[in-house]
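Take a look at this one chain, the form predicted alone, written out in structure tokens.
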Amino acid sequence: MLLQQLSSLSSPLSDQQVTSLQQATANMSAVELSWVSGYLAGLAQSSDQSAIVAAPVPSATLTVLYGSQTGNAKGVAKQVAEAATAQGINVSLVSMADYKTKALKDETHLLVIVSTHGEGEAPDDAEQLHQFLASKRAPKLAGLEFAVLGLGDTSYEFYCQTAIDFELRLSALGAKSILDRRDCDVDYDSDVLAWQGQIIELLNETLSQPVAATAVSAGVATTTSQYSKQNPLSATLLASNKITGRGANKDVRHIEISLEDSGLSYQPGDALGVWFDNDPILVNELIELVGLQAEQLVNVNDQEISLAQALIQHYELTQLHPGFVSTYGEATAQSNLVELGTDKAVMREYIANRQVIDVIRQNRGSLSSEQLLAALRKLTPRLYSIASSVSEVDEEVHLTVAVVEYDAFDKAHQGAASSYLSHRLAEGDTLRVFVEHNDNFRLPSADKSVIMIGPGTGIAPFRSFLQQRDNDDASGQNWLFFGNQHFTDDFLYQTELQDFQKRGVLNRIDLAFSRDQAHKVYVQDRIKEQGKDLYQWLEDGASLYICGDGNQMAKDVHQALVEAIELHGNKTNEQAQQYLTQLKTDKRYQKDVY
């Protein structure tokens, strides 16, 4: 019987008890309901509730360690930890950034869940542990049993490299792997569930205890919003305004979305996940090219829907990955495409500026609907740094979105999510969103100063920072480095920033407009120019933040910081690098790059 159908007539509970029980469980997930069910069953076995609470916990604890750049690995780790707790396993869920390395030698059972970004780099919060395991200080771990789950993107050369590193290093230290490493692509949900089921089954016999005995000791928090990646909020688009000038090379939009009456909240530094629909015109062309019919039925997530609806709502069409090229080549007997998969460098070059439609246009072939869907990756939401503070905009959330638009192979191309937000949605339309919390990009206390480096749309979280600092009357100083192509066309949020500066909220601002003079000037050049003051701010306790392009800008800025610290701190290059590493450890050097 469902709790909603329960009444005092069909149970030994009073009306008030039934109402209380229904209210307490109304917003619980399936995992949480399972946990409560086990806990109540344990209480029923004893008339002395305090005896259950005091019951001994398992002698061994499962430690779930996560390293997460954008929040995905953290979310997966929490899901796995909750599932293990529901099975009566005593769980400790810990970010690698907060993990004490000296505790490693005492671990008996360890799950490592970690993402990879950039060129095989560890997430910022995993960096210290990643380095420690490769050092001579790492202890022997003969008594440790472990398993590793990696999140990555097969479009990149060093797919799940950080997960590979952790597995190799733990094994080299004598630890025993109890389950093969699972590497998960961007559409990771089903792979994670499969791995989760396998690992919990393996651990169950040695670690599980009656749920009631471990309930009060399990270290997993379950208080979350009812809205998530799997259950997004249907929000209303309030505005989509272009904030670059007529002469700008990029169309950058200021997006405003209503969260009214949702209870959904966020902090400066968080991201907004946006589920989007693919362009129907693009979908119709693709279906025609492979010889299929838009209205034919296909099965997606155990539901029968039209092929057109499946491609619009459930599959990636703009972000090309190597797997599609090879699979499509095999299905259409085109050896030239299959051969591309034998050379990773050639494949990366091939997919660099192509979308799925380009492969099909240039290599026509017929497919069944099953073959087409099997070749495509499932659609994943896009994450955008939030550009507002709740204290300023109340039940709204703002984004700064650069519309992806380019010409290739004599055809116009657009990014799926950015064109959806800017061109295919009208004010008043609804869209599906959720908040992705990012504990690796957080403001310090109000009395501490901050240095913010955010060229282009990297300004987004710093607009949020400044709004928050303004409303908090923060005594710490604020320094912004901003850059773009042209002052007249690309100075994003110019009026707002000038107002912040006029009112003393923004104490310093350094600008770099690269195309306004013969010699290009970037934010890293301004950092070098202001290196003496920047180093002094850091010495005085300021926190340092970078947001924006991770492929080149973040690397150039990091190098400029190293040079400034080396010069003005009278340090060697190695000492300057260590200085920044220590800032990361102290959570005073944080990056939100993409």
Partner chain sequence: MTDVKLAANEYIKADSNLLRGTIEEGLQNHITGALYDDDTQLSKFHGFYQQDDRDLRGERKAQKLEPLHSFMLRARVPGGVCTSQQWLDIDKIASSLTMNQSIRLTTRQTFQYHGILKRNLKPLIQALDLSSLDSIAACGDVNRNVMCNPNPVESSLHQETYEWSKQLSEQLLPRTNAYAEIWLDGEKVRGHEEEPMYGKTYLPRKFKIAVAVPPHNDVDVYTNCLGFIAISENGKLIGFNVTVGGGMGATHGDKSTYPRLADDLGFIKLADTIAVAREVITTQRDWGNRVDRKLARIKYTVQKHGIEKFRDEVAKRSGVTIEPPRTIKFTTRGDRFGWVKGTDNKWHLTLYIECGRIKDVPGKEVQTCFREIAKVHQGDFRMTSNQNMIVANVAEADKAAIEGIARKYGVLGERLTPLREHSIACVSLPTCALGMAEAERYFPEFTDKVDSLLTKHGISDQPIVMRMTGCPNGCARPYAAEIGLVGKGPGRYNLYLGAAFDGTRLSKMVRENINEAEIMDELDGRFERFALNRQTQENFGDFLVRTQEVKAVLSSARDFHD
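Positions refer to the first chain, counted from 1. Bear in mind that the values here come from a model prediction, so they are computed numbers and not experimental data.
Below: the form predicted in complex with its partner chain, not depicted.
- Of the heavy atoms in Lys136, none are within 4.5 Å of its partner chain in the predicted complex.
- Taking non-hydrogen atoms only, Gln303 never approaches its partner chain to within 4.5 angstroms in the predicted complex.
- Its partner chain is not shown here, and in the predicted complex it never comes within 4.5 Å of any heavy atom of Phe276.
- Residue contact with its partner chain in the predicted complex: Gly245 places a heavy atom within 4.5 Å of it.
- Considering its partner chain in the predicted complex, the lone stretch of 319-327, 100-108, 487-495, 359-367 in range is 487-495 [heavy atom distance within 4.5 Å].
- Looking at its partner chain in the predicted complex, residues His117, Ser155 and Asp180 place no heavy atom within 4.5 Å of it.
- With the partner removed from view, the residue among Leu282, Met347, Ala402, Ile509 that has a non-hydrogen atom within 4.5 Å of its partner chain in the predicted complex turns out to be Ile509.
- Proximity to its partner chain in the predicted complex, defined as a heavy atom within 4.5 Å, holds among His254, His413, Arg424, His314 only for His254.
- Of all the residues from 280-305, none has a non-hydrogen atom no more than 4.5 Å from its partner chain in the predicted complex.
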